[in-house]
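The chain below stands alone, shown as structure tokens; this is the form predicted alone.
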Amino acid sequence: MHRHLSEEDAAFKEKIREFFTTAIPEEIRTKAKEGRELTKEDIVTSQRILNEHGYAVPHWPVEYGGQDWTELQRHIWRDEMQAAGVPQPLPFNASMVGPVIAAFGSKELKDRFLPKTASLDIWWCQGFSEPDAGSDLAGLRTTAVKDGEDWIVNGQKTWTTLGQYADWIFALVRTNPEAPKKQQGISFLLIDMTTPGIEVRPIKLIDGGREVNEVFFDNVRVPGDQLVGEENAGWSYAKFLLGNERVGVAPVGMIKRWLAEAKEYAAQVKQGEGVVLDDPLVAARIAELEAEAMALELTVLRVAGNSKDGRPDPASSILKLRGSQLEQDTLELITDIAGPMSLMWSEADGGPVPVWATVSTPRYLNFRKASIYGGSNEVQRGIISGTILGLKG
């Protein structure tokens, strides 16, 4: 893939690789590689180091911390970061609300929020999905009603990832319930999570974790100057955000690292008189996933190269679809390699079961969500058939 890098890009790759493997604490990178849960402090520490060196939000405008890189250099940055086990910059900040504010926010909003968003001095969470509005996001019912210069927000959001850590939430709210189409009449608000009337309740997941939450709004007063862009234009901003999110959910570097680790694990686990890697079916399965990862990487580069004015190519839906499928397939492979050891769910440093095997099942279960968030894979197939292929149902 990288055999024909120019001298400049090859030097850039080496510089980035050295930084990621030396500047970010090894303890944090090891935890990330092993699939263990990162603390809030781990994520903040990593992102602040990245931001101090200009590596947290390279796709943003230069005046707000971005870099004047080529699309290939951005891909190298992302690929090497994932390969080194560096926690990615918090997606809600770096890939979601930050680009929306940069593209559609007023100068006042940009100056107020972007620097702190890049440095993670503000931790954002996403207020999009609702109990009856997930894949059909336009069906959202959380309302914002004008009261003087302010908005009064009532409703509920769900599946709010890491909302327990968040300082602010960016939320889609219905500001015109009489709009002729449900996609209309939606606005994009920035809300301080310490505002009276907000309640966060954790949701326990199948892997035993509590990374997602319900968020309730009961007569929450939001200043009018925290509206992003135009009133009732939030659906357009949401599509822009989700397009950026879908590009980011094709983690090629991480998938390649997982596959390399899968081969190492398969070479360690005994099976009969040999090891699991000796099984031709396992070897073929690994080779097939490696080929698919290479195809995904080429598609990532093609989609990035076709982005216009910071707006992602509609083909980002392909990345979301295939990226999530490959994540799930690769983690299923690792769980299968672990075999009965995968039934040990608690970490067992120093015990008879290696850490990678103890986290294989909960990590596999956790990533079942990958085909749902960012727009379910069923929705992505509809976008691909209609927007890209021009098919009509």
Partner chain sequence: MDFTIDTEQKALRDAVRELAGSLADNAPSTGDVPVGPNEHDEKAWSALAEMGVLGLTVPEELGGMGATPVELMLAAQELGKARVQSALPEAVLAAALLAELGTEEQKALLEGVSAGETLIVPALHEPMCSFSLQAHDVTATESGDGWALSGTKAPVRYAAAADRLLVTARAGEQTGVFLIEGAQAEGDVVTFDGASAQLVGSLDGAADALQRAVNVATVALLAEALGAMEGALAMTTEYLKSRKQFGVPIMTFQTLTQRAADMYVSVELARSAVQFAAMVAAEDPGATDHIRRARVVVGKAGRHVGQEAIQLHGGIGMTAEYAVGHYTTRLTAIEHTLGDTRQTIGELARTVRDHGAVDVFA
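Computed from a predicted model, the values in this text were never measured in an experiment. Numbering follows the first chain given and starts at 1.
This next part talks about the form predicted in complex with its partner chain, which is not shown.
Novice: Can any non-hydrogen atom of K263 be found within 4.5 angstroms of its partner chain in the predicted complex?
Specialist: Looking in the predicted complex, residue contacts with its partner chain include K263, since a heavy atom lies within 4.5 Å.
Novice: At 4.5 Å between heavy atoms, is T21 in contact with its partner chain in the predicted complex?
Specialist: Taking the distances in the predicted complex, the answer for T21 is no, it never comes within 4.5 Å of its partner chain.
Novice: Within 4.5 Å, heavy atoms only: does R302 come near its partner chain in the predicted complex?
Specialist: Heavy-atom contact with its partner chain at 4.5 Å: present for R302.
Novice: Would you please decide whether L38 lies within 4.5 angstroms of its partner chain in the predicted complex, comparing each non-hydrogen atom pair?
Specialist: Residue-level check for L38: no, no contact with its partner chain.
Novice: May I ask whether D136, D207 and V269 each come within 4.5 Å of its partner chain in the predicted complex, counting any non-hydrogen atom?
Specialist: Verified in the predicted complex; spot residues all in contact, yes.
Novice: Out of the stretches listed (225 to 233, 316 to 324, 173 to 181, 148 to 156), which one is close to its partner chain in the predicted complex, meaning heavy atoms within 4.5 Å?
Specialist: That would be stretch 316 to 324.
Novice: Need the contact residues for 268 to 286: heavy atom within 4.5 Å of its partner chain in the predicted complex, sequence order, or none if there are none.
Specialist: Counting only heavy atoms within 4.5 Å of its partner chain in the predicted complex, the contacting residues of 268 to 286 are Q268, V269, K270, Q271, G272, V275, V276, L277, D278, D279, L281, V282, A283, A284, I286.
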